[in-house]
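The form predicted alone is given below as one chain in C-alpha cells.
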C-alpha cells in the first residue's frame, strides 16, 4: 500500500467497533504499544452489527472511517469481525492511500495456517459466519483444512450484560460448543472481539486437547509489523486516548471496564 499522504509517528491509531467489544483490541494496543495514542469509536447506536445486512454495515463503516480520518489517524483498525468481513475491501477501495487499514480476520487466518491444523472450529456472529470469510480464506491457503463454523448470536449480548464466569454463561457456552460439528477439532477460533472475555470458560469446556485462539494477539502482531515497516511506531510522548460512542447510556460506560480493565469516559458523538 502506498499512502498518498505522508503520515508521521505521533498521529493516533483509530479503532472502531459496532459497540464496545472492540475495546479488547484497544486494550491490547495500549498494553503492547504504550506510546501510541488511540481514538476509539463504538457505534453503539447500531449494535450489534452481527444481525445487520452487508450494505448497512458498509454504510456505517464508511461514515465512521470518515470521522477517524478527520482526526488524522495514521492507521485504522477494524476491531469487529462482522465489519472486517463485510467492509474491509470496500474501505480500502473507497479511501485509497489515505491511511493504513488493519482488520481482525486476516491476522487470525495467517496464524491458523502457520500452525498447520487439520480441523478447526469457528464461533462468531451471524454476519461473520454468513459472510463465509474465514472458511473461504482458510481453504484458499490450506485446501485440505476441515472447518466447522457456528453462529453464536447469544454470546456477545450476554457478555455485554456482564453474564460470564457464572452458571448462566456456562449453560449458553456448553449449549453452543456441544455441537457435534466440533468433534475432532484441534483449535477453536474466537471470531468476535467480545469472546476473549469468555476464553477461559471455553478453554475449560474443551480441556487441553483444543487450542483456543482469539484474534486480539494476532491483530497486535499485524499492527506492530505494519507500523514498524513504515517507521511509524511512536517513540515519544502521546496525547491522551479518546473514546467516542454514537449513542450513550450509563450502562455502556459501566460495561467498558469489562473490556478495557479500567474506567473510561465515553464522549457521545452522534455522527448519525
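Everything numeric in this text was worked out from a predicted model, so none of it was measured. Residue numbers count along the first chain shown, from 1.
Only in words, not in the display: the form predicted in complex with a small molecule, which the text now covers.
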I need the one stretch from 107 to 115, 89 to 97, 162 to 170, 123 to 131 whose residues put non-hydrogen atoms within 4.5 angstroms of the small molecule in the predicted complex. 123 to 131
In this chain shown alone, the residue from 192, 188, 198, 77 with a heavy atom within 4.5 Å of the small molecule in the predicted complex is 192
Name the single residue among 148, 151, 138, 156 that comes within 4.5 Å of the small molecule in the predicted complex, judging by heavy atoms. 156
Could you confirm whether residue 49 comes within 4.5 Å of the small molecule in the predicted complex, counting heavy atoms only? yes
